[in-house]
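Heads up, the chain below is alone and in the form predicted alone; it's given as structure tokens.
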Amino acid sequence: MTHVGDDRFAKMLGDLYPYGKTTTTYHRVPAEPVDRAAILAEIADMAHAEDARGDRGTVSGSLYCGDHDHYHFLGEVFDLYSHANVLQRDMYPSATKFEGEIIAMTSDLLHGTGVGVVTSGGSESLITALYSYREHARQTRGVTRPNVVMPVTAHVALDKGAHWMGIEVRHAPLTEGYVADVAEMSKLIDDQTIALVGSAANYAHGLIDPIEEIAGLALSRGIGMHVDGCLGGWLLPWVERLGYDLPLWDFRVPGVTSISADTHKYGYALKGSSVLLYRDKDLRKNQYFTYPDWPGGLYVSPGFAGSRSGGILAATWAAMLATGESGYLAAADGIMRTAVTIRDGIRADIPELEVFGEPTFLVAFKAAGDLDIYLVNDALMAQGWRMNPLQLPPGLHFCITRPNTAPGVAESFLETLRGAVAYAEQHHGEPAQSGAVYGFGGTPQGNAMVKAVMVGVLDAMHEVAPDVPAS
């Protein structure tokens, strides 16, 4: 018997290997070198084909800049340092300039003290922050059974890091406005709590948690508070400067002790860079690792990573300089105008849908009645739109980036969305092809099935294309 979930799983696996029939699959190193021009041509064909979808402006998130001249410039910068290992500062002292100034510029943007580190991305920033809080609590308060309190919408990388480091995660529910319920967070704190977490903005719904309230709670209980600004950290400051009414969420808020902000998102750097800021050096030093007794010499490491390419540091630094305040403000203006058009268009003209809370640059929506939002997504996908599906409750979100700000994109999306709602109404009761697997969650049996599927996909992502018959 075949189930919708089986079909969906098979399709997901098939989507991972689109080049199985069109390119050579390598199972071993070729006996002779492959011509470099041929390699470049094959890579270029794949890259251009894959970029075309995002360049149309029909993709939520993923591509934050979309300017291929900018990418080419950063590629040139990366090329100059791609071979450099920034661990070896005696050989590459420029890494100290790049890293220090990336941290300083990010800190200035978020009203910090200039204390931080550069990481490989949001997940590493969040997990590193957790580690610092765990070690700080162990050393200063003797905490042996650490827990962290955060809303259910906090990024799942925190759950991953907590799983690895033996930290209990205590999830607090949301208010009716879909932000952290601070009163419920308060009930979860005890003498083993190492930190509280809030988001600016959260991934699911694009909403800013009540950071001032959470930070005040943290201060009153003598614990730290991390703001996950991985998504919004390099955009919200410019949005505020444009005159949009935003709550305070950065280091201007007493009680906020660390913030993460991804430079490879709205900082328009290449993928693989994020900044983790601390209010003071005393907290930051907890993430350092030093080992004086190794036969290989004195070993020092600022975090989880060992070798790092100087290309990422150089390109991130170059992205900030090449964009400048005027560039960031112009990008933020286009993003917010687009987001407001989509938000207001849904509220005014599509009563079958409901927008989550009061969004800024990311607009999330769900069915207002018994409409199947995943059927809506099926219809959007058929028209070339790639949204991010949500669950608990079911929904979709559109994270607005620079490619989406092209003239006519917002209006085209709203028109397609109206048609997608009509499609869902016409096909009411039929199983959706997109997001259908979510429907199996929420029970031990269902979650076990979902996890098995997810593990299968991860396995497939690390394997070569299966043998396929020639066309």
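No experiment lies behind these values; they were computed from the predicted model shown. Numbers for residues come from their place in the sequence shown, where the first is 1.
Heads up, the form predicted in complex with a small molecule isn't pictured, but that's what we're talking about next.
Consider residue 276 of the chain shown here, and say whether it contacts the small molecule in the predicted complex, taking contact as heavy atoms within 4.5 Å. No, residue 276 sits far enough from the small molecule in the predicted complex that none of its heavy atoms falls within 4.5 Å.
Might residue 209 be said to contact the small molecule in the predicted complex, defining contact as any heavy atom within 4.5 Å? Contact check for residue 209: no, nothing within 4.5 Å of the small molecule in the predicted complex.
Applying a 4.5 Å heavy atom distance criterion, does residue 112 contact the small molecule in the predicted complex? Result no; residue 112 lies far from the small molecule in the predicted complex.
Can residue 203 be called a contact residue for the small molecule in the predicted complex at 4.5 Å between heavy atoms? Yes - in the predicted complex, heavy atoms of residue 203 and the small molecule come within 4.5 Å of each other.
Hey, of 118 to 126, 285 to 293, 217 to 225, 245 to 253, which bit sits against the small molecule in the predicted complex at 4.5 Å between non-hydrogen atoms? The contacting stretch here is 118 to 126.
Just to confirm, with a 4.5 Å cut-off on non-hydrogen atoms, which of 235, 230, 269, 313 contacts the small molecule in the predicted complex? Contact check passes for 230.
Could you work out which of 134, 366, 264, 308 is the residue within 4.5 angstroms of the small molecule in the predicted complex, going by heavy atoms? Looking at 134, 366, 264, 308 one by one, just 264 meets the 4.5 Å heavy-atom criterion.
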